[in-house]
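Okay, here we've got a single chain as structure tokens, the form predicted alone, with questions on binding and movement later.
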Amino acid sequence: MGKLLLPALLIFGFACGPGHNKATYLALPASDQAKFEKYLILGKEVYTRKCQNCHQGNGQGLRGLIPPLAGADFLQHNQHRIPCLLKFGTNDPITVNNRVYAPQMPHHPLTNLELAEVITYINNSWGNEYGFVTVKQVDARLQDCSR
């Protein structure tokens, strides 16, 4: 049993380490906790490849040009829109923390699984506490944005 406990603690310590939301992890049913950890790890990889150039490694964005993701009220109030913004991009201005940004958000040809992973990573990094996003949720939200 001790041999199984150490790897589990290492995974939990890595995935839910500094900067990640442990409350979300602990609130999930045991059956979803491993998936949450996996989404954090894989979501960080997607973020590094697709998002970090603009939003930076610390989620702070580029002052005045690219909105922050860290502590972003836009994320909290627009979870239903995030998959659409990532998948299809936008030229529309968005307001984040009372500041208007007019970025050209490019589209990202990500799978729905990759979208769920990266959104879960963003939702639970840099002090954000916006929860776990599943592929089913991404599927439903993408159907809504096409209307």
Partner chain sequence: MKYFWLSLLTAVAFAGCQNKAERLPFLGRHDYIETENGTDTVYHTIKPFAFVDQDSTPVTNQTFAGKIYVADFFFTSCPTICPVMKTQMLRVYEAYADSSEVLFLSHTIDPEYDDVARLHDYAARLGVNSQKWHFVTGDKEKIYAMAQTSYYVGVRDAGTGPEGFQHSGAFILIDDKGRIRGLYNGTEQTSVDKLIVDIKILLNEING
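As the structure is a computational prediction, the values presented were derived from the model and not from experiment. Positions refer to the first chain, counted from 1.
Note that the form predicted together with the partner chain isn't included here; everything after this is about it.
>> Using a 4.5 Å heavy atom cut-off, which of 22-30, 115-123, 58-66, 38-46 contacts the partner chain in the predicted bound form?
In response: Contact criterion met by 58-66 only.
> Of the residues 34, 54, 70, 96, which one places a heavy atom within 4.5 Å of the partner chain in the predicted bound form?
Replying inline: Of the candidates 34, 54, 70, 96, 54 is the one lying within 4.5 Å of the partner chain in the predicted bound form.
>> Contact with the partner chain in the predicted bound form for residue 101, defined as at least one heavy atom pair within 4.5 Å: yes or no?
In response: Within the cut-off, so yes.
> Across 114-142, which residues bring a heavy atom to within 4.5 Å of the partner chain in the predicted bound form?
Replying inline: The stretch does not touch the partner at all.
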